[in-house]
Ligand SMILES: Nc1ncnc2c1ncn2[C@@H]1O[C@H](COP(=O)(O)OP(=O)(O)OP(=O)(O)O)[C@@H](O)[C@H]1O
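The chain below stands alone and is given in structure tokens; this is the form predicted on its own.
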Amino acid sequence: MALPNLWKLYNLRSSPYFQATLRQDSEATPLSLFVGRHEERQRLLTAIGGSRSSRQAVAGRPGIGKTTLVQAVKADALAAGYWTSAEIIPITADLTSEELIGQLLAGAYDSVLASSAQASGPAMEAAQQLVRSMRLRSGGFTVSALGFGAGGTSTQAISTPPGALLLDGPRVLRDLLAFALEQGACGVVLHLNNLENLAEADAARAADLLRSIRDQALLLDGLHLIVVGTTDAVRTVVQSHTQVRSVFSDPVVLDPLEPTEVHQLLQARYHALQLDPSQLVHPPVQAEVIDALHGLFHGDLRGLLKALEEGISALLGLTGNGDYAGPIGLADLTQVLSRRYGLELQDQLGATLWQRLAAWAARDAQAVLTQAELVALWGIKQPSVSQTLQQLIGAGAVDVLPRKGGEPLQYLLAGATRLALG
């Protein structure tokens, strides 16, 4: 039995508050819904178009829209003659140099296939051999013996000696990029993601990783890289080593969207999801709700949208499938979210961590505090404060602000936590 569509009360096909990344290849979350970021978008595109090879970084707080911006830039680059794919290459501190080279090779290979499905030749065959081997070895997915996307059910493991990617990967990647350029591509644009709130030691290891493959892979003609992550992680990864910093542009650091831009973003979604074109869309919430949540979540767009979707869904579930009764107000929404997030956080964190959050909120829910200040507030030693913060950040209950020079890190309660604590 199909579930009722509660959003039809507002003349909407589905929730306009989805948090999924916009993608060029998606009908549910198309890039046509992208709003704002004109200056940052142009800066990234100018760097790509200004040379045969480029390396850039996009930084900002979690949920601010970094990944969607790069998806939009890749679509612009594709329209301008570059080859890319909608896929994102994860980069983590535990990768080896061989694995990262393999990720880059796989990303370039997928980009060529996405733009030229019938591409063939020695460069493609060599790339396919290594990519197959890597993906079969890592258990990513099964590849047909006839090739990617080919029919048939039999599979065949490719025997590749250990270290082959490290030895042969850079040469195969170089040849593949040269093949793409010969076929008319202006270059290949790859998107490396996942540098989100890494611990300092992990960020340092990721920096070492990029340095280790700089000459073999990062500087190849025709390759354009965009690395994405939180501000401190990106700065550590691309600016720690002179050898890496010298080949990367200064990071593009994103500020939160302005409230007016968030309203524009939601209006675009309301229009795209309009159920009956002959009828007006009814905004599910009052305009002041958007402004209040924008401030509460400090520009974390993902957190804001999640709160809207969960709060409105809960209220609609309570009221049933009746008639439209006007947009939901701030008091009703915050009441249901406070209860929901409070129960979730208490269950997720346990009594001790919850009590520490409550003590923080009792002092000042808006306060931005250092570890030294939290030592005094919680009455525990600094190592315990550091461990507590790691747990709270991992649970999404606390945010960390970008470091300013040599100043100590500063922390603040996340929007959902402030809602939970009233």
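So that there is no doubt, residue numbering starts at 1 and follows the sequence shown. Predicted model, so just to flag it, every value in this text is computed and none were measured.
FYI, the form predicted in complex with this ligand isn't displayed, but the following is about it.
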The unique member of 203, 301, 220, 209 whose heavy atoms fall within 4.5 Å of this ligand in the predicted complex:
301
The one option of 269, 294, 235, 132 with any heavy atom within 4.5 Å of this ligand in the predicted complex is 269
Spell out, yes or no, whether the shortest heavy atom distance between residue 49 and this ligand in the predicted complex is within 4.5 Å.
no
Under a 4.5 Å heavy atom criterion, is residue 265 part of the interface with this ligand in the predicted complex?
yes
Looking in the predicted complex, any heavy atom of residue 385 within 4.5 Å of this ligand?
no
With the partner left out here, check for me: in the predicted complex, does some heavy atom of residue 410 sit within 4.5 Å of this ligand?
no
Of these, 110-118, 181-189, 67-75, 331-339, which stretch puts a heavy atom within 4.5 angstroms of this ligand in the predicted complex?
67-75
Partner contacts for 34-61, taking this ligand in the predicted complex and a 4.5 Å heavy atom cut-off
34, 35, 37, 61
